[in-house]
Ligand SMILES: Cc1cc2nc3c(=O)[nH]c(=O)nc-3n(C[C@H](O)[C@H](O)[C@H](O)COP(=O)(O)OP(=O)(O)OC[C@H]3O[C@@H](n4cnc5c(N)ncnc54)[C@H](O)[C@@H]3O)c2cc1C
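Encoded as structure tokens, the following chain is the form predicted on its own, with no partner shown.
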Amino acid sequence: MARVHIVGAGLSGLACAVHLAGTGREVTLHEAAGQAGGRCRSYFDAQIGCTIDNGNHLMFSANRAVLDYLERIGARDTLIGPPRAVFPFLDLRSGERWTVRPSAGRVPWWIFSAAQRIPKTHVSDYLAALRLAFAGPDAAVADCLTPGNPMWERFWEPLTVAALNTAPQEASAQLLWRVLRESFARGESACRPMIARDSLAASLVDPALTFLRGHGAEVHFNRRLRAIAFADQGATALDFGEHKVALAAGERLVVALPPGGAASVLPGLDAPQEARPIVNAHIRLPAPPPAGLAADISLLGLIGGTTQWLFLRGEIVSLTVSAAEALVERSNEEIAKILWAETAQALKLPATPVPPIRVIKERRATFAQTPQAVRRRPPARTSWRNIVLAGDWTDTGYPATIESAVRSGRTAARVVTE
């Protein structure tokens, strides 16, 4: 079988390579950076004295592509999470706390109990989600649901921003419905949250590289694709600057780059280019951490402040702010001050001294998942006879998440082998 060249060793490229190598296909993986993982990177941070991830990625039991990928690379046991779906929340303004516990099965019995519903919400607020199921391709979330009420502030807006990294006033209603359809609509067993036990690299990247090398794949770092040579409606060579790679007859190319990078080497590619940022922070607590917020995973949703999600692993607190267009323009010092004040309040810790805080800005974390951008997501198959696309921004039918990246890699591998 002819070799497949994959450009980009983010999760989409890794997933594609793992799928192909596992079936005996010859694979060469090219990566511009000195490490794999793309936006799922882990590294030792001297400021707080431990290994941290560049971002906080929450996965769910409904993410079948991710779980299959982890099984393939022998890393399924590196994700941790509670035995049941539990989502605790805190309103930073009022101090009110509540926990969302979805029911087992497809019937959401929990919404019919005032004691189990989100405070100040009604059954009709939850049934309004059915409007998303009938949303047209141009509809935003705010066109289907009612902004300003408690359900909007305490559920719909946080869910939209977390899942789509786009404000609900412009986020695709159809895309949010697909999230609900695969998670809450399937009941508690599909909603269980999971995070990497040690680090993103230890779960999703390093085992994949070990798998690939064990299956004879070639992996090259510090190879930035500068251009592709074309002839006869296909790619004939790859230009990595000092290194050139000619594509033999029958060899295939998977371009697993971000949309901007893909568009720079593929003439005429129409892809979503507008991006939305995410700001993350990691804090080493100055005092012993409080008791876990939930069994096996310490997770807390925050309402009414800047921080949206708080993750607690040991003495390290990690915070996430999605759709962070305003926050990302502030200095790291300002951001650290805001996020620590909210962390101290949430965990009932002294406000001083302020501990070491690492702020990480991902200015182009995902594409802006608006209806207009969603329509521009290209399929894996291209008009070139030997070129296939992969990436969370391609048309996976799912938001630009780890699940979407892995799905795209798997789809690209299937197209290659047709």
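Throughout, we count residues from 1 along the sequence that is shown. If you're wondering where the values come from, they're calculated on a predicted model, not measured in any experiment.
Only in words, not in the display: the form predicted in complex with the ligand, which the text now covers.
Checking 42 to 50, 387 to 395, 373 to 381, 345 to 353 against the ligand in the predicted complex, the stretch whose residues place heavy atoms within 4.5 Å of it is 387 to 395. Although the partner is absent here, V254 is not a contact residue: none of its heavy atoms lies within 4.5 angstroms of the ligand in the predicted complex.
Looking at A17, you'd find every heavy atom of it more than 4.5 angstroms from the ligand in the predicted complex. For P258, a non-hydrogen atom is located within 4.5 Å of the ligand in the predicted complex, even though that partner is not displayed. Although the partner is absent from this view, I402 contacts the ligand in the predicted complex, with a non-hydrogen atom inside 4.5 angstroms. The partner is absent here; in the predicted complex, the one residue of R101, R224, R178, R313 having a heavy atom within 4.5 Å of the ligand is R224.
For the stretch 6 to 30, the set of residues having any non-hydrogen atom within 4.5 angstroms of the ligand in the predicted complex comprises V7, G8, A9, G10, L11, S12, G13, H30, in sequence order.
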